[in-house]
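This document starts with one chain, in the form predicted on its own, laid out as structure tokens.
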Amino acid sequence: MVTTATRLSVKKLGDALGAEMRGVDLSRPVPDDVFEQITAAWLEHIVIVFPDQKLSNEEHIQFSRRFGPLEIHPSRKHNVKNYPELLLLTNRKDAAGNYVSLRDGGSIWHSDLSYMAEPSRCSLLYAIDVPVNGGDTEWANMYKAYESLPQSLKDRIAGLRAVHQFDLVENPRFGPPVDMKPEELKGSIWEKKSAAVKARTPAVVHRIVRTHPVTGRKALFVSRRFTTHVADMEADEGEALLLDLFDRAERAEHIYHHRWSVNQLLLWDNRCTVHLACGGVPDSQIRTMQRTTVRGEAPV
């Protein structure tokens, strides 16, 4: 690809992680030297915000593929019609009053697809409809979470592994909200998983501490949503350990809080972050996002 002399502007957004990048139109093919700048900034800042990007589905997918092969989300039912690489996240309803997709996806701290044998490398989320109220997202820096641990805790978790599971029913620390009616489960993270989805997402075991394959830095690799228990450890002891790690990871000093704008594309590294959809969108307002997910590698 032809290279250019383009220099992108990068503005740091928070002490923990996050930067805004301007000077590139992602609807057009990205020259190699510009992509190298994007990659370098991404590895340094972990979350990159690209404002004012007017992307078609094809353009969103094309740019995402620069980072590697794309995953098709294992649930399958919430993918964009004719674009299976795109996961639709919206609280929009159809004419019959049914939610057309997953309205509360990401509402518990998680790393995308950590429940796969080869968890996601990165995700790219594009904002189509942004509500006036609510709908923010937070990311936590899992490098900093690990680095902030006391040495005794680092020694304790070195070499330990934990189980990751997609089906929320298999997570012992959660259950549907007590005020949720049975008919409200549809289009929710609490909706029962089909046999086909369960077959595509058997439980997997990953190291609690992983080493990033590019930066070489160590990061915690556990989350409240998908990490169900510590392998080869008594349940109560393992849960106490995980809850301690979750609490430490989700401290304010590790978090970047993002308020969305229409036509923003956000890129983040799932190997060293967890994130949370903050919710709070009124029923009268619409939030619509589309996400690609890039296949990663088995954690080491």
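Quick note: we count residues from 1 along the sequence shown, nothing fancier. Note that the structure is predicted; figures quoted are calculated from it, not measured.
Not pictured, yet referred to below: the form predicted in complex with ligand SIN.
> in the model of the complex, does each residue in the set A16, A145 and R217 place a non-hydrogen atom within 4.5 angstroms of ligand SIN?
Replying inline: Not a single residue of the candidate spot has a heavy atom within 4.5 Å of ligand SIN in the model of the complex.
>> My question is simply whether T137 lines the interface with ligand SIN in the model of the complex - judged by any non-hydrogen atom within 4.5 Å.
In response: Within the cut-off, so yes.
> Is the gap between L168 and ligand SIN in the model of the complex 4.5 Å or less for some heavy atom pair?
Replying inline: Taking the distances in the model of the complex, the answer for L168 is no, it never comes within 4.5 Å of ligand SIN.
> Does R224 reach ligand SIN in the model of the complex if we count a contact as any heavy atom within 4.5 Å?
Replying inline: Outside the cut-off, so no.
> If you check in the model of the complex, is L125 within 4.5 Å of ligand SIN, heavy atoms only?
Replying inline: Answer yes; at least one heavy atom of L125 falls within 4.5 Å of ligand SIN in the model of the complex.
> H254, H60, H275, H45: which sits within 4.5 Å of ligand SIN in the model of the complex by any heavy atom?
Replying inline: When ligand SIN is considered in the model of the complex, the option within 4.5 Å is H275.
> Which of these residues, H229, H110, R210, R121, gets a heavy atom within 4.5 Å of ligand SIN in the model of the complex?
Replying inline: Among H229, H110, R210, R121, a heavy atom within 4.5 Å of ligand SIN in the model of the complex occurs only for H110.
> Looking at 150-158, 102-110, 77-85, 200-208, which one sits within 4.5 Å of ligand SIN in the model of the complex if you count heavy atoms only?
Replying inline: Of the stretches listed, the one contacting the partner is 102-110.
>> Can you list, in sequence order, the residues from 276-293 that come within 4.5 Å of ligand SIN in the model of the complex, counting heavy atoms only?
In response: Residues within 4.5 Å: A277, R287, R291.
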